[in-house]
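Just one chain is shown here, as structure tokens, and it is the form predicted alone.
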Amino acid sequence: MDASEKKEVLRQWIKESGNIVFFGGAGVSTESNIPDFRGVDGLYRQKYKYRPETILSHSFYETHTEEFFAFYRDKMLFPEAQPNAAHLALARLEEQGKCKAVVTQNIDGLHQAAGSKKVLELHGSVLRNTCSRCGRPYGLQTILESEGIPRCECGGVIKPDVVLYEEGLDQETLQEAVRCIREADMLIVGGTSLTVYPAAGLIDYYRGRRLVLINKSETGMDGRADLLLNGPISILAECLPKA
């Protein structure tokens, strides 16, 4: 099939499905001008005093806290970013009763900003921050306006609710993602290289016959897809059934 025929198949499948789950990664937000960590021009290919994987680890956070926050503010926060066409398309599908859940590896909160309500954030969110000592919650603005190590009124460090390297995923979120994917009649995977585990292993729980992969580059899972579309995640918005 050529690209236009594949889009028509996707459009028809979306029209016929009543339990769609979307599973996405960094590529979903690149069209909102948030860089892809592992793309050609991604964060992990830039040069710093320490490797980004090291800086974004739990042990570095504990031992080099001020340097962690300097990097975090400079490279991980994009308060001006807005939802793109794919975010809006998924929110529309949820509103129509078709999309039952969005499972995301992203931490930017753009799915919720677009209107999606059932969003399972595997790696947390920059919008939530918590005092490590007293548990008081803080918003993103507190981190943006702070200097050095952000501290609570009680003196505790305000830690972002993001999953760092060496930290485990929230088990309740992970289990709910597994349940949603297992029960889906259609799984759309987009904007992810499917190389980061355990998140990448979630597609193993899908039992249906409509596994759709949308990605600019090849993934190791391409051969398992029932429908493969090579291109930007905006393809999804182009394939919404006509009203």
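One-based numbering along the sequence shown. Being a predicted model, the structure only gives us computed values, none of them experimental.
A second form of this protein, the form predicted in complex with a small molecule, is not displayed here; the remarks below concern that form.
With the partner omitted here, the stretch from 128 to 136, 104 to 112, 91 to 99, 150 to 158 that lies within 4.5 Å of the small molecule by heavy atoms in the predicted bound form is 104 to 112. Only one of E31, D185, E176, E67 comes within 4.5 Å of the small molecule in the predicted bound form through a heavy atom, and that residue is E31. Looking at T63, you'd find every heavy atom of it more than 4.5 angstroms from the small molecule in the predicted bound form. When contacts are judged by a 4.5 Å heavy atom cut-off, S217 counts as touching the small molecule in the predicted bound form. The closest heavy atom approach of L202 to the small molecule in the predicted bound form falls outside 4.5 Å. The shortest heavy atom separation between A26 and the small molecule in the predicted bound form is within 4.5 Å.
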